[in-house]
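The chain below stands alone, shown as structure tokens; this is the form predicted alone.
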Amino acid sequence: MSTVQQASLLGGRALREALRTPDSSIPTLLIPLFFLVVNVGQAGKIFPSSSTSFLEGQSYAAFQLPSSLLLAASFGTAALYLVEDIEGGYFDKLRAAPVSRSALVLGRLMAEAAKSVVITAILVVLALPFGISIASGPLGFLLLLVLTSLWGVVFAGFMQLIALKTRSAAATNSGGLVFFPLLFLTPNFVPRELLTRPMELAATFNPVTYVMEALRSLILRDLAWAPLARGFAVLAVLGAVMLALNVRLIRSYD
């Protein structure tokens, strides 16, 4: 059986775990929507669509939506389920079986990608009443789903590193707090050129910035390949590093 087939089987198992606990997805939807409502409520009147050039004629909610999408994609439960497998002894059985180490990593990440696609689509639909439209059209919407799900995979993969290293649900759960500084060290409320110099430097060196700007370009403008290329390049590099570290950690797992 190939690595892809093994990863697909493990991914199917991970999806079934998620389907057995559908209530765990409720915060994934409600908390990003809460931040969208609060941020738009606080700053929406400061940036009217008629006189704010960076909104491209849309509402301020369209500018804020990528932050909510990235936040939702960072609620993945793959690492916590992995800790359950470690504590229950199932992970040791998988390691003892003739299963590729890459498949052990990719299985849960494939499930995370599928969940991120569904949650992203639901969030976009729920955000439409805020006066948001996807300016890049159907292809842009598909790219929006791909970008967000890839971020979900990358973030879940780094969370799995914490799970494999600590084998602790508490430590793994706390590791998710890393995302919040990364989210706020981005051009979250205004474009990068309107930030103060220290904040602009921090945002420039923050990889999440380029994913956010790629998502924002899909929502606010027709297909713009430069920000998309930067966003996909960042995700490709982070994904390669994440995968290599996961496989290395599993191979040296005692």
Partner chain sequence: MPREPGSKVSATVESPPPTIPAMELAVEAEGLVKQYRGRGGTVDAVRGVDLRVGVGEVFGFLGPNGAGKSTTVRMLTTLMSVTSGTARVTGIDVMADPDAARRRIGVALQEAGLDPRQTGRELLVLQARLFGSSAAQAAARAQDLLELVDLVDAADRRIKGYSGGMKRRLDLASALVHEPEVLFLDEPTTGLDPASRLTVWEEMRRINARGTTVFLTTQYLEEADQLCDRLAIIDGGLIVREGTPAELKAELRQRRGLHVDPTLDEVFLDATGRTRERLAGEVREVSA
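Residue numbers count along the first chain shown, from 1. If you're wondering where the values come from, they're calculated on a predicted model, not measured in any experiment.
Beyond the structure shown, there is the form predicted in complex with its partner chain, which is absent from this document and is the topic of what follows.
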Counting only non-hydrogen atoms, the one stretch of 98-106, 70-78, 119-127, 141-149 within 4.5 angstroms of its partner chain in the model of the complex is 98-106
Only hit among Val178, Ala171, Leu183, Leu94 for heavy atom within 4.5 Å of its partner chain in the model of the complex is Leu94
Applying a 4.5 Å heavy atom distance criterion, does Arg13 contact its partner chain in the model of the complex?
yes
**Asked** Any chance Ala233 has a heavy atom within 4.5 Å of its partner chain in the model of the complex?
**Response** no
Close approach of Leu9 to its partner chain in the model of the complex, 4.5 Å, heavy atom:
yes
Those residues of 63-93 with a non-hydrogen atom no more than 4.5 Å from its partner chain in the model of the complex are Tyr81, Glu84, Gly88, Gly89, Tyr90, Asp92, Lys93
